[in-house]
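Next up: a single chain in structure tokens, the form predicted alone.
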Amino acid sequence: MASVSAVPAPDASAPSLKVSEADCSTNGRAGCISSFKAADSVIELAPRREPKPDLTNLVFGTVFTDHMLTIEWTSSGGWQKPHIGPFRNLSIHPACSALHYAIQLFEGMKAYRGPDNVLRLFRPLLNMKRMLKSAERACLPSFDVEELLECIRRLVQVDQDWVPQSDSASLYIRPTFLGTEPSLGVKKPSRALLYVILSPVGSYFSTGAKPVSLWADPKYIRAWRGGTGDCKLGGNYGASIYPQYEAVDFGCQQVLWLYGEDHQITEVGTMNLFLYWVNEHGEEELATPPLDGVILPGITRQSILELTRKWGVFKVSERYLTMADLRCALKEDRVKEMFGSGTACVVCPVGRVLYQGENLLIPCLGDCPPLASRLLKELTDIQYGRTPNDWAYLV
């Protein structure tokens, strides 16, 4: 395997997500203690290895690797040593706070095997920082993001044979953080479990990379300002399942989440949204909703913004978009493309939006229109190591 690359140094101008001991004493955060250390990891190899799945019929997130990472925490004892051991069921108390009060969060990232047989993660430190932000919102203990990343790297190394040798498949990484307080009291948990499981995956959508159809109805709200829409909490996703099935009943594959009386466009299913159009001022523009507390700060979203701004070909904006804006632009033939972005799908074109009984047809030249196609290629070339880039973190 390749040697480990250095974790990129954080931007000095950006606010640190680490919580110092001084911050703890100032803010009175009783749960703020020293982090676990990857160097203390205990590795217990599974006595038997499971056979690898057939990638052609792989259903997303249903097959798991031989090992998992677990790290326990208590308010009295702090973080325990990280443990990489055989994949197993968890044993939790029936009054566990994650079960009763949704004190739970997760992350989603991938490991890719390049044509050079080197394993890479894509901007994983951003996932770790987002996870730490989610943990703070859920009143779960803080941790060192670089130590967790190193623990994950070691886990992927142990199960490296599970990373598919394919440019259309990868190893999905699911870090999860649970409050395991054995009490029915509604309070900050005194016990917690951080664990990571791995799953080889192919395409997220059964249709592959083909354009998806969306159902937009303002009666369902994914998130609201002051809520938890900008954190990756499990409750955000559980509440979205019912509307998702209603979308299917209307002949659509995903929900286009709207917000406010003016029906602001926010997200697409579990993806961030982009609109490539000629805006109301006659400018060619790639626009996506701003991070105002409603939108999840996606790593793919951020990467698309950085890539396209570097190109300098068209205006790139984080701005509010409404269904009235979209309708008007379609009538005036100003819409070029619309697509979602996320870890699971990377880039997914949108072909149709059902809104107030009207089918709004989004221009799609073939299964993957030009801009979406270019972004998909550039991002996957980085992820699989075909294009050298410091966004790739070597395992």
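Residue numbers here begin at 1 and follow the sequence given. This is a predicted model, so every value here is computed, not measured.
Not on display, but discussed next: the form predicted together with a small molecule.
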Query - Which of 292-300, 178-186, 67-75, 246-254 lines the interface with the small molecule in the predicted bound form (heavy atom within 4.5 Å) - result: 292-300
Requested in this report: Report yes if all three of 110, 163 and 203 come within 4.5 Å of the small molecule in the predicted bound form by some heavy atom, otherwise no.
Outcome: no
Query raised in the report: So, in the predicted bound form, is residue 35 in contact with the small molecule at a 4.5 angstroms heavy atom limit?
Result: no
Query raised in the report: Looking at the partner-bound form in the predicted bound form, is residue 41 within 4.5 Å of the small molecule by any heavy atom?
Result: no
Requested in this report: Report yes if any heavy atom of residue 342 sits within 4.5 Å of a heavy atom of the small molecule in the predicted bound form; otherwise report no.
Outcome: yes
Report task. Indicate whether the small molecule has at least one heavy atom within 4.5 Å of a heavy atom of residue 237 in the predicted bound form. Result -> yes
Query raised in the report: Which one, 104, 270, 288, 134, lies within 4.5 Å of the small molecule in the predicted bound form by heavy atoms?
Result: 270
Query raised in the report: Given that the small molecule is left out here, which of 232, 191, 263, 120 has a heavy atom within 4.5 Å of it in the predicted bound form?
Result: 232
